[in-house]
Each structure stands twice: as structure tokens, then as C-alpha cells.
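Next come C-alpha cells for two forms of one protein chain, structure 1 first, structure 2 second.
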Structure 1
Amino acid sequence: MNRLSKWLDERIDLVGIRRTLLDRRMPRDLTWWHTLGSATLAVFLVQAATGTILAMYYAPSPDHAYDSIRYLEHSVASGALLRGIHHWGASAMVILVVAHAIRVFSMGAYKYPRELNWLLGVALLGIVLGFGFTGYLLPWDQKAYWATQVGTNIAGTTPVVGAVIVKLLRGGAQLGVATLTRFYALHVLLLPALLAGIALLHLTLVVRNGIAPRTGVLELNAPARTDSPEYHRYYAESYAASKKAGVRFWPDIVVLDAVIATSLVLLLFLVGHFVGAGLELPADPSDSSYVPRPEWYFLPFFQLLKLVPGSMESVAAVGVPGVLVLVLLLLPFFDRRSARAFNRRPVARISLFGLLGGIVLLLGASIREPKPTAIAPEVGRVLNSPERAGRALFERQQCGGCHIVAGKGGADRKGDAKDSPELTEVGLRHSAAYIHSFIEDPSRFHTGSKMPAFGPPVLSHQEIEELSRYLSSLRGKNWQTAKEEFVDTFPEPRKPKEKP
């Protein structure tokens, strides 16, 4: 062991690395708030690990993406857990990056000499949101498809270059094969490379510039502005003093970081296991009645666009995020007052609370809105459009007069019709094709059937198809795990001459 570390030390200066990384001195009294940056890094590592495994199962094409996710969820050991962790990890990343930015902002830690690191941080925030946006499409379910449709439309309202941006994002005029492969490539190649590179720079600067001490330390007798030469001298002296009186990164600070990182990873496991990631029906580009819902961290923005009048929408769609990014990027350059304590920076305080308050209000309003894609109770999930049409027909034709579905119906079951079978789990017994033929003409299947025939002219083939799609979605309470066991025996085609 000793010989190995000596061998390595001669080649890569292990001792030097240890001195710069672990033995570096940090100001005293760092708070739990200071662990947010390393917590983000920890969750990113979890995302990289789970994402790599997910990528091994994922097929980035509209024909196979959904099935590959379904396969992962149902047939791969811990597949659902992995996906759950990755799904919630994405939300955790957004929360942590934003919380970290708020911490840095409210402690004035973006001021001299950390301006550059603030800029890298803003870039990292953008990249994390980019991960969320591109990753959302990958399962290729209804939610994914329609949210991306709206997202790319919003990008398209950018003046002048809007059309080009949409085409670049979608890889064509419509959402399709090219969009999915593009988003996949961005999600697993470009964004991870960018994030890793910029995060490395960000960390290098953290090691180089150190952590800003508690605000009070840098404010005693400080010159008023950070761009005056006296300030730089003043800063160097008081920072050196605070470091000298400080603690070592290893082990004093690492312990805090490790506690938070471990608890977060545990929490992700729990949420990933118990809540999971969810999967709606496969994307159906023809189902324009589906009401899109983006991921929660885009909801405030989405809600804002709903509030502004139509003519102003494109201004808000590009203007609001544009101005926000610009302000964030310029912040360390126009705010050069040396005050760092949050309670001595009234403008900063009002802006932060105003922004956060607005975001929370918008998020609240958006969550309170009634969920438009209501789950059909008898099916346990959202119906797609043919299924919805079939359900409406089922009511209109009073099929429920004879048949019971999930405890409802069956009121007219008198006399001959009293043994009409319950249809709550009919989708497990029969294929849609069988149900279709049956509804058309029950007497073909069962001479003297008590069920009236609904074939044309009563209902069109299209309508019967919708009915049978709806019925084959009826799979009882355990629809998620129940397996179909079809007992479909089709009758011989009717011969012109009936046998006696």
C-alpha cells in the first residue's frame, strides 16, 4: 500500500493533490446551507449512474421507446426503481441548483472575486433545465409528447429565429423520429458533457477562491464598493485571516456534506421505490383532445403564459426568461456594493422575495386548476380518444342497463337479460377483435343470445371498434399487473346454407 502510494506520488503528486483538495482551510461557521452545492453534485452522480443503466434498455425511436420503458418497468429487476430514482433525481437537481443559487445570492457570494463562478452557476442551472426538458420526451407517452409539443411551440414564438429554433429542436416540421433521436442525443451526450465540463470548472474555482465566509466577516470596515483597489487589498487580508482561523475541509466540512448527500440519496431511493415514475398511454399524435402538462418546474412559466393575453404571449414567452437570464448574468457586474449581509441589501431582498413569491403563486394556481385529463375510475388511468368515444357509446346505447362495470349498471337485468356477464374485467378475457365481432352479432357466438346485435345499421364499424377498444381497456382493479388470458373461440363463418 505504502509502495503503491509512493509510486503514484512520484508520478501524479498525490501529496500535492491531497493538500489542495482535502487540507485546504475553510472559514469557520459554515452553515448547512453551504452543503447545497455538494448535494447537487451527489445527485448528479446518482443521475449519471441510473441514466447509464436506463440508456442500456432504452430504444430511442417512436416505435420502440414506449415499449422499452414498459419492459424496463415490468420485466427488468429493479427497473422501476431505477427509473423512479432517475425521475425524482431530476426534480431534486432543479430544487438543489435553485436553492444553491438562492444561498449564494442571499449571502452575496457572487461578489468579488467569485463573479465568474456565478456565471458558470447560471450556465449549470440552464443545463439542468435542459436535462429536464429533453428527458421528459424520452418515454414517448402522451404526457411526454404533448408537453414537448407545447414546449417547442413556445420556443417557436421567438421573434425572427423562432421557426429555425423549432426546426432545429424537432428535426423537422413535426414532432417525430428526428425529434426523439435529437432529444436523446442531447440528453445523453451533449448535456452530460457540458455539465461535467462546466461543473469541473465551477469546482476548480471553488477550490481556488475558497468558500465565502459568513457575511459579517467581510463587512467590518469594508470599502463601499468592490471595484475599488482598496477593496481588493481589504478582501485579501480579511479573507486570509478568516481562513487562518478556520477549519480544514477534511474532515470538518466533508462530514456535513456527506450527511446531506447520503440522506438525499436515501430519500431518492424511497421516493423512487414508493412513488415511481409513472407512465401514461403511448403517445398518440392524433389525440388533440389531450391537455398537455409539463413537468412541475416548468408549470409557473406555463401558467404565466396562460395569464397574458394572446397578443402578448410571444413577448412573455421569450421576454420573461430572456430578461431573467440577462439579469442573472449581469448581476455580479452591476451590483458592486460591498454589502453582503442579506438584511443590508433591501433591493436584493425585495427582488428575491418578489420573484420567489411570484413563482410560488403561479405554481399554486397551476396545481389548483382542475386536472383536465381525468382518470376513468373503472379503468384506473386516463383514456385515449377512441376509448373515450367508446365509453360515451357504452352509455348512449345503454349497455350498462344489462352489464355491470365496476359495480355500476345492471339495473334493467330482468327476465332473459338477468345473466348478462359483468364486464369489469372483460379486457382480460377477450381480445378487442373478439369483442368487436361479438358486439356486432352476439347470436353468431351463442345461438339465441339474449344480447341484441349492434352491427350496422345500429352502430357503424367505426363505433363498434371504439366500443371494443373501451371494453378491452377494462381490466379490473389490478389492471397494472393483471395478465390477459383470452378465451376467444370464434364461430365458423356463416355459411350460406345453415346446417340443421
Structure 2
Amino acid sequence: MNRLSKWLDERIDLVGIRRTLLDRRMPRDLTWWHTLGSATLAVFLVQAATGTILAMYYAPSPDHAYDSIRYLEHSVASGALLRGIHHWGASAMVILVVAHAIRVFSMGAYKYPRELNWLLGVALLGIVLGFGFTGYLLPWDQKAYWATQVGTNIAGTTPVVGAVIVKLLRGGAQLGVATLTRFYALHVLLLPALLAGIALLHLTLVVRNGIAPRTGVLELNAPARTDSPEYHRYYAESYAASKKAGVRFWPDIVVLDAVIATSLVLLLFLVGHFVGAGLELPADPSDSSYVPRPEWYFLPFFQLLKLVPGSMESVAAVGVPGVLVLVLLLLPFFDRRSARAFNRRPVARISLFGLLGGIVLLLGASIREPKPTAIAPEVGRVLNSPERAGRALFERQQCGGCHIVAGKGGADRKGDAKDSPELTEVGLRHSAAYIHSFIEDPSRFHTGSKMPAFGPPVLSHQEIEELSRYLSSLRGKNWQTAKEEFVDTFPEPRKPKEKP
């Protein structure tokens, strides 16, 4: 081992690396809040490890993506656990990156000489949110499909380049094979490479400039502004004195980082095991009744868009995040006062508390809203694919204008439409085959019926079959115990007219 160590030291300078990384002095009085950066790195390593294993079983195509997830969860040893850890690790990454940014902002650690590190941190925050967005679509379930549909539509509201952005994200006009392939490539190739590269540069600057000390160390008799030469000399002397009276990175700081990292990994293991990641029904592009609901960290923005008028939606969708990102990027350059303590920066306090308060209020309002459910209330259960397609067709054809279903509809029941039967329990009286034939030509069953015929070419046989499947599922509020009493009476086939 000694010969190996000597051989490596001659080539890569092991002693110099150890001296630079482990033997360096750190400012005194560092707190647990200073471990947020290393905690984020630990969770990223967990995400990289679990994501690599998950990618070995994932098939990035609409025909096989959902099935590959189900196979992973039910047939692969610890597959559900790995997916649960990866799912909750994404939330942990968002929480830790945001908490780290808040800590840096509240301590004024974005000021000289750490301006570049702050910019890299803003980029890392954007990449982490990009991970969350691109990871949406991969399970290819209802939530994945429709949340991505809404997200790409929001991106499409960007002035001038909106249509180009949507086409680049989707790979076409609609979500499909190209979209899933692109999101998969972004999620497992481009974004990890960007995050690893920027994080490495971020850590290099942390080693180069050192961890920001507590605010009081850099405020005693400090010059008024950080861009003055006097402040640069003051900072170098004050920081050197703080490091001289501080602690070693190894083992004092490393122990704190290790405790936090171990606790987080254990927490992710417990949540992944007992809660899991969840999986909804397979994606159904024809189910226009599904109400999309993004992950919790996008809910405040999602709720904000609900509150603005339709004419202002594009302004809010692009303007709010755009202004916020611009302010974060310019912050180190327009705030050059030497004051770093949070209680000496009233504008910073008002801005941070206002932003966090608004986010909490929007998140609370979104959580209090009734959660979307896959259960159709008029049916009382989850609809299968043909029934969902029939329900969407029922709405597109505006059948509810004449027919009442579970107390809704019938707004246009005027004149002859008043005789339109209520369909709340039509599935108890008629079979799907009867309903199919009736929809094709109602006059065959009731002479003088005012209901128009919907047979081809108005609707195809497939569309009529889907509509009849949906209508036959309507069995009232007591659908679980109600018994069918079909009164199907098929008329005699019409005889062809005799030629004169």
C-alpha cells in the first residue's frame, strides 16, 4: 500500500489534494444550516444511483413505458422501493436547493467574492426543477400525460418563440413517441451532465473562496460597499482571521455533513418503502375529463395561473418566472452594500417573507381544493378506456343539452327536447347493444322521434360503440346493488323499398 500510495502521489499529488480538500481551515461558529449544500450533493448521488438502476428496466416508448414501470414495481426485487426512493428524492432535491438558496440569501453570502457561485446556484435550481418536469412524463400514466400537456401549453404562451419551444419539447404537434424520447434523453443524459458539471464548478469555487462565515465576522468596521478596494482588503483580513480561529474541515465539518447525509438517505428509504411512488391509470389522450395536477413544488405556480384572468395568463406564465429569475441573476450586482446580517437588510426581509408567504398561500389554496379523481361521479367507479372515450364523445356532441345525467344537463330542453329521457339509470334498462342500435337510427325504435340519427357518416361504428359503452355504465347512485331489468325491444328490420 505504501508503494501504491507513493506511485499515485508522484503522479496526481495525493498529499496536495488532501491538503487542499481536507486539511483546510474553516470559519468558526458554523451551524447545521451550512450542511445544506453537502446534503443536496448526497441526495443527488442517491438520485444518480437509483436512476441508473431504474433506466435499466425502463422502455421509453408509449407502448411499453407504463408496462415497464409495472414490471419494475411487481417483478423486480426492491423495484418499488428504488422507484419510491427516486420519486421522493426529487422532492428532497427541490427542498434542499431552495433551503440552501434561502440560507445564502439571508446571510448575504451572494456578495463579494461569491457572485459567480450564486449564479451557478441559480442555474442548479433551474436544472433541479427541469429534472422534476422531465421526470413527469416517464411513467406515461394519466398524471404524467396531462400534467406534461399543461406544462408544454404554458411554455407555448412565450411571446414570439412559444410555438418553437412547444415543437422542440414535444417533437411535434402532440405528445407522443418523440416527446417521451426527448424527455427521457433530457432526464437521463443532458440534465445529469449539466448538473454534474455545474456542481463540480460550484464546489471548486467553494474550496477556492471558502464557506461564507457568519455575518458578524464581516461587518465589524466594514467599508460601506463591497465594490470598493478598501472592502477587498478588509474582507481578506477578516476572513483570514476567522479561518485562523476556526476549525478543520476534516474531521469537524465532515462529521456534520455525514450525519445529515446519512439521516436523509435513511429518511428517503423509509418514505420510499412505506409510501412509495404511486402510479395512476395508463395515459389516455382521449380522456378530456381528466383534471391534471402537478407535483407539489409546481402547485403554487399552477394555482397562480388559475387566479389571473384569461387575457393575462400568458403574461403571468412567462412574466412571473422570468422576472424572478432575472432578479436572482442580477442580485449580486445591484446589492453591493456591505451589510450582510438579515436584520440590517429590511428590503431583503420584506422580499423574502413576501415571496415565501405568497408561495405558502398559493400552495395551501391548491391543497384545499378537491383533489381530481379518476372516478366518474355519475358512474361511481373508474371508467375503462372505451367508456372514457364515450364520455368525451358525449360531451363533444353536447348530448347533455337535452339529456339529464345525475342531475346535470338538460339546459336546452325546450319544445320537443323536453321529451328527451333522463339517462341517469339508462344502463339498468337497456344493454349496450340496444343503445348502439338506437343511437344509429332512433326512428326505427320510435316512429316520429325528434332525436337525429347518429349513424355513419355522422359518427363511425367505433364511436357509437364507445358512446353506448359509456351510457350502459350509467346505473344511478345505487349502482353497486341495483339489478338490471332490460326492456330491450328490437324492431323488425326495415324491408327494402320495392321498385315500381
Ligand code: HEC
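None of the values given here were measured: they were computed from a predicted structure. Rigid core: the largest C-alpha set superposing within 1.5 Å between the two forms. Residue 1 is the first residue of structure 1, and the numbers go on in sequence order from there.
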Tell me which of the two, 1 or 2, is the form predicted on its own. 2
Once you line up the core, how about Ser238: does its CA shift reach 2 Å between the two structures? no
Glu484 C-alpha moves between the two structures by 2 Å or more, core aligned: yes
Core-aligned, is the CA shift for Phe445 between the two structures 2 angstroms or more? yes
Keeping the rigid core fixed, what distance in angstrom separates the two C-alpha positions of Glu387 between the two structures? 5.1
